[in-house]
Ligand code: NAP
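The chain that follows stands alone, in the form predicted on its own, written as structure tokens.
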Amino acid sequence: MICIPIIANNLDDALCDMDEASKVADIIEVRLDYLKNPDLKCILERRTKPIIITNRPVREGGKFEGSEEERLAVLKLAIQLQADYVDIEHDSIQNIRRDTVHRVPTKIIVSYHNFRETPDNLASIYQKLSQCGADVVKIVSYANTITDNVKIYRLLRQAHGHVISFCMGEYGMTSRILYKRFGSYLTFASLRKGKESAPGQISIQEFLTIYRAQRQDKDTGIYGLIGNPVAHSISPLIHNTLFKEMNLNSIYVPFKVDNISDFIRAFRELDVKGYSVTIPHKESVIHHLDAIDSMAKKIGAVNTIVNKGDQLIGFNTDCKAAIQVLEDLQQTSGMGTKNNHFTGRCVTLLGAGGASRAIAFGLQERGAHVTVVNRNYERAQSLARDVGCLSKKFGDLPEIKTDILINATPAGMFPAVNETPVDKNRLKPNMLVFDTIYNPAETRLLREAKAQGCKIVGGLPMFVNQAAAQFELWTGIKPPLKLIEEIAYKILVGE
């Protein structure tokens, strides 16, 4: 079930939000601690969906500041008025005697919240709470790392009966989204952005449109994006739409990963079927996989992982995708022949990360004269040695002869959209400028290059090509490029 919390501070707004939430939620939580003068009878009479009544004290992350006696009196009244559920904190449930709920249909939720961390002793916390005689046990913690979600997964695998459990915070989105796959009784989604009752809560619209949460079950295949940051990515909507179109019982979620070693080790337990890999893990992830495709090994970077019989195998779809974009640009610009797009062309490649490695190897193989430029010159030198090309310091840019300029750095990526890796005065009308960033669709670099008379292309075509190749590696199904283009364009351009 998906529960929408109501956090309005007055009765009229609360009733209005309840009506709106009832159209999409399976169950509604009314947070009385947010309301100034709650009319409990009116709220319960107005319901059209099951309701959880919660009156959370400050010590448990709520807003109720009155006495404990006053707070509990409201919860007891909710039981007498036959609310569907009443949420009672683990350190207060002993004050709600079983005879309070005798012969009434109200179900009791006993809840534990930890706003600092996800402790290691979740199992013992569950054991203690499960002895309270409540109908539902709720254990919610704060995720300080992506692997905290696995602790929740383990708890739900071991628990019996109805258990609500997930992590709060940005790192905890995984357990919120995968609630059915994990086995949680329900999850929470905000009515809309700005209506969150806890950190990390996503909107009901996002839940239903991007993640198709109601279609999940315990057999749903998990795929996801490994990176940091990941909030800007449009990959979840792309791949989840493809899963829907291909009628596959699968879901794609973002994983904000700090420590790639810890992540790969912990998430093997979830049997994730495949990953996309982005900044900054394309190179470092190689050391934690079971096998590497020959092209990915040569490049030294992985952007796709496939789980084949519990073996994690790394691939690289960036190289082919980027080269195809540049070939198309040169052909439409009349700057290259059909079979000889890059021979003798001078390419300046900004960046020395995973995407840069893929592009550098691809271009060098096709006869281009590649020069790698990076603010960390040692990384530029290292990549140049591996590829067999030149490297230069960032300050040398004005002296470099360039036919094709490629940005493979994060400069200009959302949300830092006002950044650019190159001063506009270094851009010449005869240049081809390719920015691998796809969000925003047109970066500051591309706008300034276009104004200088350059031929330009953004990262969207590369993203589409590599995403299609990833999907085929995971599923064996070749997805329609046009569909990916349409979805991506609609998101990025807003049309």
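It should be emphasised that the depicted structure is a prediction, and the values quoted were computed from it without experimental measurement. What we label the rigid core is the largest C-alpha set whose atoms superpose within 1.5 Å from one form to the other. For every residue, the number given is its place in the sequence shown, counted from 1.
What follows is about the form predicted in complex with the ligand, which we do not show.
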Tell me whether L178, E245 and G274, taken together, all sit within 4.5 Å of the ligand in the predicted complex, counting heavy atoms only. no
Is it the case that T187, even though its partner is missing from this view, gets within 4.5 Å of the ligand in the predicted complex, heavy atoms only? no
Are any of the heavy atoms in T436 no more than 4.5 Å from a heavy atom of the ligand in the predicted complex? yes
Heavy atoms within 4.5 Å of the ligand in the predicted complex: does K282 have any? yes
Is it the case that L363, even though its partner is missing from this view, gets within 4.5 Å of the ligand in the predicted complex, heavy atoms only? no
Which residue among A83, L326, A143, A408 has a heavy atom within 4.5 angstroms of the ligand in the predicted complex? A408
Quick one: of G183, G169, G353, P236, which gets a non-hydrogen atom within 4.5 angstroms of the ligand in the predicted complex? G353
Options 127-135, 367-375, 198-206, 236-244; stretch whose heavy atom lies within 4.5 Å of the ligand in the predicted complex: 367-375
Residue by residue through 177-204, which ones have a non-hydrogen atom no more than 4.5 angstroms from the ligand in the predicted complex? none
Aligned on the rigid core, do the two forms place the Cα of F315 2 Å or more apart, comparing between the shown form and the other one? no
Once the two forms are fit on the core, has S124 moved its CA by at least 2 Å between the shown form and the other one? no
